[in-house]
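Quick heads-up: it's one chain on its own, the form predicted alone, in structure tokens.
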Amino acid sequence: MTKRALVTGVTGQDGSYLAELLLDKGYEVHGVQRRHSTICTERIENILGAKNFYLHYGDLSDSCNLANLVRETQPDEIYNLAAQSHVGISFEVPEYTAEVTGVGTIKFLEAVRQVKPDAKFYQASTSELFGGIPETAPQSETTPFHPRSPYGAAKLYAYWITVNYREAYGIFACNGILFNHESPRRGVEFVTRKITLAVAKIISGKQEKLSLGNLNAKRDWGFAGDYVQGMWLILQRGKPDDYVLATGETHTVREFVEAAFREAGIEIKWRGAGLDEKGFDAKTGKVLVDVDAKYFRPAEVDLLLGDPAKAERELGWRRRVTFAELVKIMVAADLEKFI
């Protein structure tokens, strides 16, 4: 029989890649999107109208809606990817982040428990749980949590309530603790996409320079298309468990900037330090990158580095796209828009 999946956040980066993967595997996919006054389906334009793909309106803040969605779709697998997922913005809207990203998860799990307790449930967890405490790196499933943002704290509640419903009610509920994963579909407010988009705009004469915050922040960056494969594999196991998905290598924001400009034929040279640091075009001497204090967070996460050994061993999951290939893919996609 055809498997049926319910995917929240289907119009986002991860949701769109996951929907494509599931359709390729023969699933009937029911995607959930929030109601907007503008069209927000650009990431799933290629599958709109596809056989076995259906869109529903919903919101993690509405428990009645969630129960109705589970009742109507009767999913075999549920992927809860929806959230207020921007770390920086979570400091500006902490209560909303807690309500949707944290409490929304228990509303969903309760709907599963009451309506479809045999459904497999995937919760999108995050490396922000760890808080980037340097002495804990590399971070694995056994590393102590120390979130340093309202987003991380909300995701911490979502993580533990998922574990609790697994242990208390026997629900096949799993956490995927995913480290940073990017793509050309990444939102423009995220630093990687902000960088690659700025490179394309600077090359095309539509932007003068790129302003960033903490250039020294280190992240474990992978390709989102690889990570949704891991999500699916987590729910195919014989028993529910939690897994870290990561590349096992880390790069600074500064390195990402250098790699992105290099893809466009520009070498960046740095001068200064702290707020006075600037990145210059090595050939022309023009300032292309500077630092702006407004992009620093109240509590910085300095280092995120994941240990994917458990996922590699038990799931057979491997990241396929390297850091250099990821940057190349993202820059090429944005250059195509402007050149």
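So that there is no doubt, residue numbering starts at 1 and follows the sequence shown. None of these values were measured; they are calculated from a predicted model.
There is another form of this protein, the form predicted in complex with a small molecule, and it is not shown here; the text below is about that form.
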| query | finding |
| --- | --- |
| Among 232-240, 161-169, 108-116, 79-87, the region lying within 4.5 Å of the small molecule in the predicted bound form by heavy atom distance | 79-87 |
| R297 within 4.5 Å of the small molecule in the predicted bound form, heavy atoms | yes |
| 4.5 angstroms heavy atom contact with the small molecule in the predicted bound form for S127 | yes |
| 4.5 angstroms heavy atom contact with the small molecule in the predicted bound form for G213 | yes |
| Close approach of N180 to the small molecule in the predicted bound form, 4.5 Å, heavy atom | yes |
| Answer option from L69, L305, V301, V289, heavy atom within 4.5 Å of the small molecule in the predicted bound form | V301 |
| Contact residue in the predicted bound form, from A217, I268, A137, I203 (heavy atom within 4.5 Å of the small molecule) | A217 |
| Three-residue site F190, K194 and V253 fully in contact with the small molecule in the predicted bound form at 4.5 Å by heavy atom | yes |
